[in-house]
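Consider the single chain below, provided in structure tokens and representing the form predicted on its own.
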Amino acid sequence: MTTAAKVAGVLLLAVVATSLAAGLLSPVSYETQFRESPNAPPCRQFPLGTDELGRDRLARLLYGSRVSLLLAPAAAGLSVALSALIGITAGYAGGWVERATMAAADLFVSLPWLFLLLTVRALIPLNVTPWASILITFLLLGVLSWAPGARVIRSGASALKRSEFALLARASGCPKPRLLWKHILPNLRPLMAAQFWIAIPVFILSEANLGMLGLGIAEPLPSWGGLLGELQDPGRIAGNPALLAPAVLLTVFLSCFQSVFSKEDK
């Protein structure tokens, strides 16, 4: 690992640790309102100022980072689990099951994924509780993104099924469930791990897009997407550059993530 990747890894861990320790680092809650200080500029009490409701922007950034950084890996895990289930079933079964599954995967891949995500989310009621909005966002990200990973895993499962060690295992009388569980699945774990790490930054950006359009995590619970929604008014940025803090943090996190997990640095 290069020096740049090590520095990026330290920054990445710092962002994650800070977000997880939001309750300890922030003296106030993300929903606490200081009615006497709406839209306050950065000061000693409020390092990033307050929003229009008088809520501490730093507290909301810390808690919002935790929400986004926990939601993305959880949704990636669900997506990979679905991809593995569908891809392994298709690759191992073969025949019409494989053809039908890959036809469905091709259909999903051909659709603009972000527009599909926005369309499905817009069909769901928006007046839900914050925790219900987290569950909805988690399920949408995980369930609608199975197709690319399923195609990769199906290809790997199909190749492993025809490999020499699988043929020898079947010739030795190894039952199909044991062959799948003991021989094929362990060899697919690197593929599933790669799909998991690839999905995390994609889901972070997807949640940010949903939040900026008001379709993500519901208020008063913050997330990177919801905080970035304030940047839609450029005039406010000139008056308070601290509004850029969520965008800067998101950029730093994704840049460090890419540097640490890119092939060149491994």
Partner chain sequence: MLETVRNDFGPLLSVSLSASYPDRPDVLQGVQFDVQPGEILALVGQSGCGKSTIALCILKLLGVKGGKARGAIRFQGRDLEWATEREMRAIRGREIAMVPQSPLSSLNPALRIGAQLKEAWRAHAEGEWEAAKPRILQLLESVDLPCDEGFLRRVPSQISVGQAQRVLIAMAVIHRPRLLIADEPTSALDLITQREVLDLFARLNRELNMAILYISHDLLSVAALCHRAAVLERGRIVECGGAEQIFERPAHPYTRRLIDALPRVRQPSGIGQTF
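Rigid core (definition): largest C-alpha set, two forms, superposition within 1.5 Å. What you are looking at is a predicted structure, and each value in this text was computed from that prediction instead of being measured. Positions refer to the first chain, counted from 1.
Unshown form predicted in complex with the partner chain; subsequent notes refer to it.
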| property | result |
| --- | --- |
| Contact test in the predicted complex: Ser155 vs the partner chain, heavy atoms, 4.5 Å | no |
| Residue contact check: Ala103 to the partner chain in the predicted complex, 4.5 Å heavy atom | no |
| Heavy atom of Arg151 within 4.5 Å of the partner chain in the predicted complex | no |
| Ser110 within 4.5 Å of the partner chain in the predicted complex, heavy atoms | no |
| Segment that reaches the partner chain in the predicted complex - one of 138 to 146, 83 to 91, 69 to 77, 164 to 172, heavy atoms within 4.5 Å | 164 to 172 |
| Large Cα shift (2 Å or above) at Pro73 between this form and the one not shown, core-fitted | no |
| Rigid core fit then Ser158 CA moved by 2 Å or more between this form and the one not shown | yes |
| Core-aligned C-alpha movement of Ile134 between this form and the one not shown, 2 Å or more | no |
